[in-house]
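Only one chain is given next, in structure tokens, and it is the form predicted alone.
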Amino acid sequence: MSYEIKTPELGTVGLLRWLWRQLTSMRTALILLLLLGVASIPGSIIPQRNQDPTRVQQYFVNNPTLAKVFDKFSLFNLYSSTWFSAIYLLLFISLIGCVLPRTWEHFKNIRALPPQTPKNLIRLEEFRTFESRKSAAEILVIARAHFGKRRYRIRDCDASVAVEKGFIRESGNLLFHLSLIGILIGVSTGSLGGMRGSAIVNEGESFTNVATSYDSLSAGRFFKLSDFPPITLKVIKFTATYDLLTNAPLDYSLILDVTESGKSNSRRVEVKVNKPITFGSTRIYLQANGFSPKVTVRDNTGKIVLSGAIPFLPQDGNLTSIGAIKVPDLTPTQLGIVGSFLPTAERDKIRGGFSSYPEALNPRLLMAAWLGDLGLDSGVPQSVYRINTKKMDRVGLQSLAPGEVWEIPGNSNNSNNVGSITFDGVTQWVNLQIVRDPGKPFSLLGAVFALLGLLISLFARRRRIWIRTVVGENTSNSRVIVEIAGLSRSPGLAQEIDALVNVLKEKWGDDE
């Protein structure tokens, strides 16, 4: 006679319960953590739109086919992509579902007594036994006193004592995982409600925290500029001190006048590299510095079409800088000047022109003039520090010292001078980095407690030891048989039990 075994259906509730258990297992959390690390690698290799849109656009020009594939998988917006956010959220849920129940159970058991003495201690690791001349009560008293000094938790059992130590090891393990959740909360809070922007400001100019004043601005989804109190920063003076022998920077100092909204008077503050201005959870850092050549461009009638300080980007430690001067309003054709600025100009046969010191002791402006279409109306974003010269003609090269003028020649279509450029001098610029990260306190505390929990879990040793006394019937003079055994996942248990045996024998003279 055969019976058909029917497997019960799992059902919707059972399926959801199974999926939840799989998601909240420690194995799944480790896999998701590994996936998050691997998924972050492309973000450090492939340019990101929120950090460098110009490089992304250039990537489409240089590698159009590959760029389309990357864009399809949101690799140019990696950290805000749907699939990366899904890994992040699944890891967050997995850690919470894995750690919180364990934490609750650990909290309930934190005052629990050690388990009862097993029946067969001989089956446990590091088993010891010997005969004692004293009574069972006296042996257990000295055992309690011995372990009490070592901060063991003690439980009196029937003719035995159970002791336990190292329960804090599990506390450290849970603290580490709870701290990881805190770090995830801090990172998500900072990315959603924070911002990071930068602005290059010349000496004597001001910066106001409106969107159009930033050179680059990356903000979270829930961030609003109204969260940042309106302020105006005026750059008064930037001072850099260098070592005369090595040219290495020794100190940077920036003097600012800060005017806050609703206040008529400004206050003067000093900003250094490790001394930012703080407004609540927003900080303003001094990030970089350089030089801005001051130029005046006139057309062939003498009319000024451009005048001001143009920031150049440093290329080395001596602040040799490159930049571009774009003059779209020059007629009949547009003018672009690709320039190099040398703060302390020197020249040799091998390197040509170079800067020998990072201060403006002998400034020179090296220029190459180009006439044609600058491409500013093409709709494609351009870097303010570079010029696309594909549709332009180079018409001349020149080197200017402060106060000198260069008459710019025309191209093949116009042999007359198209205008002039005057090198009026040089001023310094500073790059102000504005950072608002409301999740930083959570991340900092999470990192500190994660390190603390890791140290506790690594160095705390959990072990359980049982001491049982048995009145011997067949032993000489009816001595008491002492049985000692323990359990531990860390080394040192044998030495702990040997120390107890020695104390018991030495105390009561049983080693004779």
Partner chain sequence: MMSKADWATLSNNFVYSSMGIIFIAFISFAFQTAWSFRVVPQDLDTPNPKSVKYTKAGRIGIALTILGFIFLLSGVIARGVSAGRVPWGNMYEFSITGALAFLFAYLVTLRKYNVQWLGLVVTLAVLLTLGTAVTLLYVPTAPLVPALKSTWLVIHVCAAIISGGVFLLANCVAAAYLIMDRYQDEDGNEHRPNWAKQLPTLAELDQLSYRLVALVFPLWTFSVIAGAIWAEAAWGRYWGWDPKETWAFITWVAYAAYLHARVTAGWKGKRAAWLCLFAGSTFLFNYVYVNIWGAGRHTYSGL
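These figures come from a predicted structure and were not determined experimentally. Positions refer to the first chain, counted from 1. If you superpose the two forms and keep the largest set of C-alpha atoms that fall within 1.5 Å, you have the rigid core.
If you look for the form predicted in complex with its partner chain, you will not find it shown, but the lines that follow are about it.
If you check its partner chain in the model of the complex, you find a heavy atom from every one of D243, Q287 and F459 within 4.5 Å. Only one segment in the set 386-394, 78-86, 126-134, 358-366 has residues whose heavy atoms sit within 4.5 Å of its partner chain in the model of the complex; it is 78-86. Interface residue among L66, L487, L36, V471, judged by heavy atoms within 4.5 Å of its partner chain in the model of the complex: L36. Taking a 4.5 Å heavy atom cutoff to its partner chain in the model of the complex, the contact residue among K165, R196, K326, K234 is R196.
Contact between N62 and its partner chain in the model of the complex is not found at the 4.5 Å heavy atom cutoff. When contacts are judged by a 4.5 Å heavy atom cut-off, D348 does not count as touching its partner chain in the model of the complex. S443 belongs to the set of residues with a heavy atom inside 4.5 Å of its partner chain in the model of the complex. When its partner chain is considered in the model of the complex, V210 lies well away from it, no heavy atom lying within 4.5 Å. Shown without its partner, the chain has Q433, V435, D437, K440, S443, L444, A447, L451, L454, L455 in segment 428-457 as residues with a non-hydrogen atom within 4.5 angstroms of its partner chain in the model of the complex.
Core-superposed comparison between this form and the one not shown: CA of N289 displaced by less than 2 Å. Here K272 does not count as shifted, since its C-alpha moves by less than 2 Å between this form and the one not shown after the core is aligned.
With the core held fixed between this form and the one not shown, S321 has its Cα displaced by under 2 Å.
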